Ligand SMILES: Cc1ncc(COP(=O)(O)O)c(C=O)c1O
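Have a look below at one chain only, the form predicted on its own, in structure tokens format.
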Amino acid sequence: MNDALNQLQPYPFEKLRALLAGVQPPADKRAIALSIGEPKHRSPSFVAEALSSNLDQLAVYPTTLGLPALREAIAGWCERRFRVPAGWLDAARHVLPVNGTREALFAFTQTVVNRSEAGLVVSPNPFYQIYEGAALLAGATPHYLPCLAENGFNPDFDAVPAEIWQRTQLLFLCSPGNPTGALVPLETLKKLIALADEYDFVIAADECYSELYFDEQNPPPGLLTACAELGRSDFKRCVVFHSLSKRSNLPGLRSGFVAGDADILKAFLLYRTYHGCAMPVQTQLASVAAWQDEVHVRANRALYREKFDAVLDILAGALDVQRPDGGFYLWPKTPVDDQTFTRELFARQHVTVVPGSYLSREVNGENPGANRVRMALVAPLAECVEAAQRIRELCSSL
């Protein structure tokens, strides 16, 4: 067996199940889950129609590179969304369809990490646990950068010593962040590109929450935006990850893409060819329809805005919580330790959240997720409102 498997920590939801084992929630309160970040809004019907109308493609082997129509639709979306000059993104070289960002983030790490060196994979802390597991199974060492309130819940990249950057092979970014909802500022992205050039590492920007934001007039920038403003038409050392899961409420479609540095994507395509993870043709054709439409995405954002407004109004004064920059999570500070709060909330109010310490790692005696919880506002509005009222009731009793 692969010895690296022994280094993997239990997934947060395993820890959560253990924490709540044996607890009997009140039978008169319906269960409300704010724990799993699974979109619950209706999937766009036109995507389902595109999928069903192409079921004859079940008889066709898909290619790993994907259909030209899908890669062109993705390149066009990136140009419109991130202000990339027309023609910079070559759909044949700079874009690769993937089966959702989770699979791609893991496989990408196996591609870019050089096992012959004592390399680091650097990530925010707290973080999406795939970053850590992918690093360990690629033979690298994870290195965690704390995301604290005093730094806007972003890592303090200026505080990272040169010896860490020198060993870095891959830097993970998540913007808006999971679970903090913090955006990495555009100027910071530019500084990180300069660091990647200086120390020769790859930036992997996980932007799967990029389409969930509050101001329709100011969509958040991404790593491709930074490349465009820097005149970096080759996207050297820069790769972005996007998905239809959150943007289009299509988590079950397992459709996303990777875009950026053509040389890196060439190697990634080779890895994926052996990996055997080509996207089914009917899924690709349905994805083309999704990437070419923004009406359903704006409607999706409106639903989240409504929920954030309602929930934050109820929690005001009861819990130390702020509106995030984007995404669909709240990251409140708890009046007691995060595990106690989570257990009591389930035991007394039948509401499930995730302890922040389960999403982070302790470094130098500090866990940046301690005394916080992650709340995913994915349930329908009425359930989110009811959950907020129950959380307020619990806080008043603690």
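Residue indices: 1-based, along the sequence shown. Values in this document were obtained by computation on a predicted structure and should not be read as measured data.
Although not depicted, the form predicted in complex with the named molecule is the subject of the following passage.
Note on the partner interface in the predicted complex: the residue among Lys307, Arg71, Arg102, Arg272 having a heavy atom within 4.5 angstroms of the named molecule is Arg102. Residue-level contacts in the predicted complex: of Tyr128, Phe268, Phe82, Phe201, one residue has a heavy atom within 4.5 Å of the named molecule, and it is Tyr128. Per the 4.5 Å heavy atom criterion, the named molecule in the predicted complex is contacted by stretch 205-213, the sole one of 205-213, 162-170, 281-289, 230-238.
The closest heavy atom approach of Ser123 to the named molecule in the predicted complex falls outside 4.5 Å. Contact between Arg254 and the named molecule in the predicted complex is found at the 4.5 Å heavy atom cutoff. Proximity of Ala259 to the named molecule in the predicted complex falls outside the 4.5 Å heavy atom cutoff. The named molecule in the predicted complex is approached by Cys174, whose closest heavy atom lies within 4.5 angstroms of it. Contact with the named molecule in the predicted complex, defined as a heavy atom within 4.5 Å, is made by all three of Asn178, Ser245 and Tyr329. Annotation for 59-94: no interface residues with the named molecule in the predicted complex [heavy atom within 4.5 Å].
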